[in-house]
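Given next are two forms of a protein chain, the same chain in both, each as structure tokens and marked structure 1 or structure 2.
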Structure 1
Amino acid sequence: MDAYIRLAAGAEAEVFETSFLGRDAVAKVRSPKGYRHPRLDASIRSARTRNEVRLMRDARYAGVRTPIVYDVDVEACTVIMERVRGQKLKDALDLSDDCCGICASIGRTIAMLHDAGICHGDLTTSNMILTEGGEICLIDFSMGKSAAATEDLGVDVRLLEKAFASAHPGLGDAYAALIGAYMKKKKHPEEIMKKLEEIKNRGRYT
């Protein structure tokens, strides 16, 4: 693997442009963090790497668009995956004249993920790519969970609501379209609605 141009550098990982057997790819590398004990650091980084790969695969099996994983190096905490061409939803939404349509599609995607018992753990519009083919591709699953409880799914939706309000303050209608489409597609939406109310009330009194 020859990693070259750096596409992004987050708190935990760096993403490089690369290629894999002639295909456009990215390498997501979790480098050591000096502020953690080395053994603890290595175990956190490799656990997140394994978790991310497993959940990307599980979500894909459930029909959710995620990058195809090409290779994993658990020791080096590196994942080589398909480079998804498109635009980060965070940027695409503010420029689009069909925000509500795109948001409804996000809502259906998350409903499919949740119906497969997977919570994403960091649902923001920075962790979604609007592909050139118009699909919603979810990325960055390292904080996610399978066999998720209703509580986890409710927290996922609540965090998205908050992230959406701060990243896209002018797009309240689009968020309503998102949650409307989510509730329409989700199996047993009433459980999530109840949970969301509970989470919001909890926040109000703590």
Structure 2
Amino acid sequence: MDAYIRLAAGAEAEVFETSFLGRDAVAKVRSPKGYRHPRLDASIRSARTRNEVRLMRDARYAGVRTPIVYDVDVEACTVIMERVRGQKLKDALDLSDDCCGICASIGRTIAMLHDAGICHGDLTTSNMILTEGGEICLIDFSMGKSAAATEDLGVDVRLLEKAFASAHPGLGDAYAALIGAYMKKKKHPEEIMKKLEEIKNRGRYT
């Protein structure tokens, strides 16, 4: 494995460009946090690393495109995974002539994820890649969970709705196509839509 070249840094982890057995790869590293007790910090970081890898695996079993995991070091809290070639959805939507088609694919992808009982936890177009093959690839499951309740799935959709309103305010029709495709693909979508309205109403009156 080659030396790491940093690509991005977030509150929880850093992402580096690297290679693994001759393949282009990225390494996601959860570094120690000095503000936490060392034992607690190690426990939290390793648990989140294991959880993210499990969610990515389960999402792939459900038919959702995620990066292939090549290697996991739980003690170092590092995941080596496929470097997915394509564009961040946030950028692709700004350039595409087929935003409605792309968004319909997003809706179907999220429906498959939710039908598998998985919530992503941070559904934004920055955490999706439009691959060179035209697939929607979901990345960064740091905030996700399995056996998700209806509340969790409703929050997922609400986060995406807010992301579109802020990052893509001119794509109302495309977002409508996304929701339409989600409802067509999702089992019992009315439960999620009802929860979504409940979540939105909470925000109006708090």
Ligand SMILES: Nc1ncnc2c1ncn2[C@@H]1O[C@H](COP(=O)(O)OP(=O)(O)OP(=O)(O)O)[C@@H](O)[C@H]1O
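In this text, rigid core is short for the largest set of C-alphas that superpose within 1.5 Å between two forms. Structure 1 provides the reference sequence; residues are numbered from 1 along it. For clarity, every value in this text was computed on a predicted model and none was experimentally measured.
- Between the two copies of this chain, it is structure 2 that is the form predicted on its own.
- Core-superposed comparison between the two structures: the Cα of residue 33 travels 2 Å or more.
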